[in-house]
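Okay, here we've got a single chain as structure tokens, the form predicted alone, with questions on binding and movement later.
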């Protein structure tokens, strides 16, 4: 048997990290077993589906490297097939028309609530006579299509993650609506639990891997597989992604869409690496830093946890940093330029040597790409302000003397290099009888406006290439002298 799996997002919002993690697990399983990864867009909710969300999903999966083998298939283009299958269940007597009004359904639920019962449809229209149906239609009532679920049925399956799972038919809420209301002999839009089964049968999906929030749908869908006389797939329900409080990660937690993570400066290889670890444990001997292809060689559901996976921002930032730290300067520069430009920095963007040198300087300190903006801002400005700590340093005894000596010495060391900068500092320390620590701290304050940041010598050389070091030193000297 060739394994066929699918990811089936709904374009009612941007690609969520939970959906993306499900896509990762499906992709890994397909690649591990040489199977097929299918993409289906479940856009039957025409009121909420948007083309921009569809594009966001496609772009997000592509950015993450989760290439699909078939698709994308769109449910909105398959309505004729769904209608045929609904009619087939009606013809078999496995589904029926129900004419309840919204008011009648509300009254039924209120009565159940008053009696301390769980809300469910009481199947009151399951056995209507032809005369009763004709009377309802004569009154102008529309009808939904309900699929029959017998209360005494037990539905069981062997879940890839959770082992043996079973449900009672009586716990499924009564006969299930599979198509919306319509008048006469027509019926409206088929609904999720029905169309997803029809699609998975038609696309020969062998394994349905999804989040555990879908586990309540599985017994209903198993009954539909039986009714449609189809081969039953294997189900696997993966743990949810949880927030710090242990609740399901949601929009209320802030960043949840893949495009948000992308804007924040996470790189795709780090994000998919982290998502793989949200619920899956690598085998012994395999590090936590790996490419998708490497994970696919070892992936299996025996190492997928049942418990929810808590989202850890510190772990993601650390992991992202590991990938950024090994990026070649030219590749890192390509990633950083859009962030610098978005921040409004002015530079000669064709000056690749200077930009790549800057990327190499700040790269080891980055955990996210967007951190490059505040970290390198001082290198793009003609002048910088001084922090309180920097002002305090500039007013230290000997600082003004150090600044003046360095400014005087720069002209004699043209062009500056790492070696000549070190020689210059040594000479100033010796000639002015100052401690090296004082000189270095003063230079940092003078050149960058702050007391911490990337490598001082490299920062100095970058400023010097644009002729900004002398300007900064003069401004620092005035600040040191209280001008």
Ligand code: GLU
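No experiment lies behind these values; they were computed from the predicted model shown. Residue numbers count along the first chain shown, from 1.
Same protein, other form: the form predicted together with the ligand, not shown, and the subject of what follows.
- Exactly one of the stretches 252-260, 379-387, 208-216, 350-358 approaches the ligand in the model of the complex with heavy atoms within 4.5 Å, and it is 208-216.
- Contact annotation: residue 476 falls outside 4.5 Å of the ligand in the model of the complex, judged by heavy atom distances.
- Proximity of residue 14 to the ligand in the model of the complex falls outside the 4.5 Å heavy atom cutoff.
- Taking the partner from elsewhere, residue 179 is found to have every heavy atom lying beyond 4.5 Å of the ligand in the model of the complex.
- In the model of the complex, at least one heavy atom of residue 10 sits within 4.5 Å of a heavy atom of the ligand.
- Interface residue among 345, 318, 225, 192, judged by heavy atoms within 4.5 Å of the ligand in the model of the complex: 192.
- Just one of 406, 95, 196, 271 comes within 4.5 Å of the ligand in the model of the complex, counting any heavy atom, and that one is 196.
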